[in-house]
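Quick heads-up: it's one chain on its own, the form predicted on its own, in structure tokens.
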């Protein structure tokens, strides 16, 4: 069930030159949301800009929702100017999230801006008393690694990779995923979020391992309405020996990698 809430901003702070971290009080949405789902957030005032912005959920604590968002256009720039005590309109939770699999190992992969949903998922797995959680984060540089401190506070194994080698292993996030898979032979589920080329490469890597039973990918697309009306976010997927279109905002954003037409 989704809700429309006028939500109170508790904090809105700069994380780095690229993005902000916001805490919002939104009781109904917080109670209903699951990892991998997203929110449509009104960034301005008086219905301007008209379209809300789709933003993933970083974490939820009781009635409070945390998000991390990049300032990349007019809407998110307006959102960055909001102050504690301001009200914003939020629609959510939207889409379908991750499905927790019955496996020995759980690998959470976040590429760049895909790291925040992994925090929410890691906390859910820990609340389910699931162990052997491996978090693999990758980005171009150390300054673009998100949520590192969040994961350091959790009982998970954290692995980092940067393309320039400024922190962690020099290379791509798939390189450290390979290392985790080589060292852990039990049944494994992989959950991912990030740029489409990263997840495509991740899928190709993971399917070479027979012990990987599931590769879930939170697909990115341009979501205008967020509720399945505009059909602007469709991707090709395989279903019953056919290739069909599905909407990322409603049937996704999380899909099994084996069903995505890469």
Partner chain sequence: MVTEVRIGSLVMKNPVTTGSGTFGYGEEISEFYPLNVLGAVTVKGTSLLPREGNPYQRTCETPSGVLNAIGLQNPGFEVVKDVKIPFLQKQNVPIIINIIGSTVEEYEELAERFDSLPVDAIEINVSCPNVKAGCMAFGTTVEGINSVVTSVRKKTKKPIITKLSPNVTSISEMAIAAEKAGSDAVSLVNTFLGTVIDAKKRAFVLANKTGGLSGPCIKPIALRMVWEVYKAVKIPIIGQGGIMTGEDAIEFIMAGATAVSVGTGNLVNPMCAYNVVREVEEFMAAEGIDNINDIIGCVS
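Residue numbers count along the first chain shown, from 1. Fair warning: this is a prediction, and the values are worked out from it, not measured in the lab.
The next section is about a form of this same protein that is not shown, the form predicted together with its partner chain.
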Could you tell me which stretch in 60-68, 189-197, 41-49, 203-211 has residues with non-hydrogen atoms within 4.5 Å of its partner chain in the predicted complex?
41-49
Contact of residue 237 with its partner chain in the predicted complex (heavy atom, 4.5 Å)
no
Answer with yes or no whether residue 222 is in contact with its partner chain in the predicted complex, where contact means some heavy atom within 4.5 Å.
yes
Would you classify residue 91 as touching its partner chain in the predicted complex, given a 4.5 Å non-hydrogen atom cut-off?
yes
Is residue 30 part of the interface with its partner chain in the predicted complex - any heavy atom within 4.5 Å?
no
Checked 170, 142, 74, 185 for heavy atoms within 4.5 Å of its partner chain in the predicted complex; positive is 74
Residues within stretch 141-155 having a non-hydrogen atom within 4.5 Å of its partner chain in the predicted complex:
none
